[in-house]
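Quick heads-up: it's one chain on its own, the form predicted on its own, in structure tokens.
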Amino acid sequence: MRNSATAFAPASVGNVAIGFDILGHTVEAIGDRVQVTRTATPGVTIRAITGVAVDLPLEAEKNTAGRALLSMVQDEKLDFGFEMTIDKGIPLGSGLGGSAASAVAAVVAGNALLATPLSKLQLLKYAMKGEAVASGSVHVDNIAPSLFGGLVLTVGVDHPRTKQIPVPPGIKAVLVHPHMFLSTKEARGILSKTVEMSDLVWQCANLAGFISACYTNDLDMIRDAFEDVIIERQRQTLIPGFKDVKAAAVAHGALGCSISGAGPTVFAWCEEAKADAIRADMVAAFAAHGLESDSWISSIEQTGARVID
């Protein structure tokens, strides 16, 4: 058995506009890396955190990666432990699944050190326990795509079932992250507990139409269905200039544009030839509201977390 492993887990877009808490896709452009080493003593120790976000708990119970790996040690009754180093490539509070990616990378690296590796579904459940540390609740729309790769639909929490949804060829995701922090707990805290029946029907129709269109490569249907009528309305007030950023993307031919996860990152789907122009105008729209930003153009690969060393 190997004594050490490093895993990479990609960032992710949660919700994908119309699939609140159940739909997400990978962002291969950035991600987190976690190195895990076996130790003789059961338990989990975090040795260091490096990268773009270092102000995170070193106590395993309070860290998403540490809690996920600690759950594995405890539930699998391992007679050894792990020491880890976390290299953050995903900004904190960005809406790009940073807490999920760390948890996923940790369990994937730890799994490589087991005599009998666990299934991805088992790893998903351990990563979910880690994600709950950051968000205050269990949801899988970031964890599942980061682990499995691609566009992923997840049904259920206690007994989750996942399905990779095909993405039409030539589609790119444009992501623009304004330089501001927005916590998942804050973004979830403003959401209404009730939904109008008409909005529920509209949202369900959009989700069904979107998934159907992905299977049939129907870009016109994707464009028509790519509209969140429940969550986006409430969260857009937390992101200065959101309406202008979305309008800029749509004006240049984006299939759809919305908030990535809890925000403040805004993402758009588009055909590859239009990606550069869409990114430039989204960045300019944020700048007009006094916000500098980072931006990426990413493919949506059906390759999730993996051991890289």
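Quick caveat, the model's predicted, so the values are computed rather than measured. Residue indices: 1-based, along the sequence shown.
In what follows, reference is made to the form predicted in complex with L-homoserine, a form of this protein that is not presented.
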item	value
Whether N15, D141 and A262 all lie within 4.5 angstroms of L-homoserine in the predicted complex by heavy atom	yes
Region of this chain that lies against L-homoserine in the predicted complex, out of 113-121, 184-192, 75-83, 157-165 [heavy atom, 4.5 Å]	184-192
Interface membership of F20, L-homoserine in the predicted complex, 4.5 Å heavy atom rule	yes
Exercise: R235 in contact with L-homoserine in the predicted complex, heavy atom 4.5 Å	yes
